[in-house]
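Just the one chain here, laid out as structure tokens, in the form predicted on its own.
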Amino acid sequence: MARVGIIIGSDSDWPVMEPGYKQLREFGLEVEVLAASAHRTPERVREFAAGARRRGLEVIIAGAGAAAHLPGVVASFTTLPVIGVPIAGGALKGLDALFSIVQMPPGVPVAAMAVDGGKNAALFALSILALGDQAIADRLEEFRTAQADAVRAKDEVLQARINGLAPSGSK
């Protein structure tokens, strides 16, 4: 079974990453979660990343705020795809984290999501896994179809409301 690792710099990052965790679990994936700091517990981060493939992980999502070194440090210890999630906080409200993640040097790539984009990180991980797993690809297609159906249903309600409120003779 496909597995995803989620690593966060602090337990305070969990509210941003939890929706992605739940999304992955809804798809039936096993998810390994660890809180470890690139600065305060670098050895633990190295062990997590360097042993990820051996433990069966296929994609890693790394969420961090401020200088956001965690995704890049993780990527430096593995060749697995790493998806970085900048977490809002501090005076720059996540912009510093975003810049830290997207400005990785050549040779150590990290995919970057939007600030606080934990759920999109999970969906991107599912897209990566779907390349080699038809069951995940099928479930992802169903998910996207359900999203589109929900938007169409909301539009129908909106159109009915607009048409019900429009003055007589106008559109």
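In this text, residue numbers run from 1 along the sequence as written. Keep in mind it's a predicted model, so treat the numbers as computed, not measured.
Keep in mind that the form predicted in complex with a small molecule is not shown, yet the notes after this line are about it.
*Asks:* What stretch, of 65-73, 26-34, 113-121, 100-108, brings heavy atoms to within 4.5 Å of the small molecule in the model of the complex?
*Replies:* Result for this chain: 65-73.
*Asks:* Considering only heavy atoms, tell me if G20 and the small molecule come within 4.5 Å of each other in the model of the complex.
*Replies:* Taking the distances in the model of the complex, the answer for G20 is no, it never comes within 4.5 Å of the small molecule.
*Asks:* Answer for R40 alone: is it within 4.5 Å of the small molecule in the model of the complex, judged on heavy atom distances?
*Replies:* Yes, contact at 4.5 Å.
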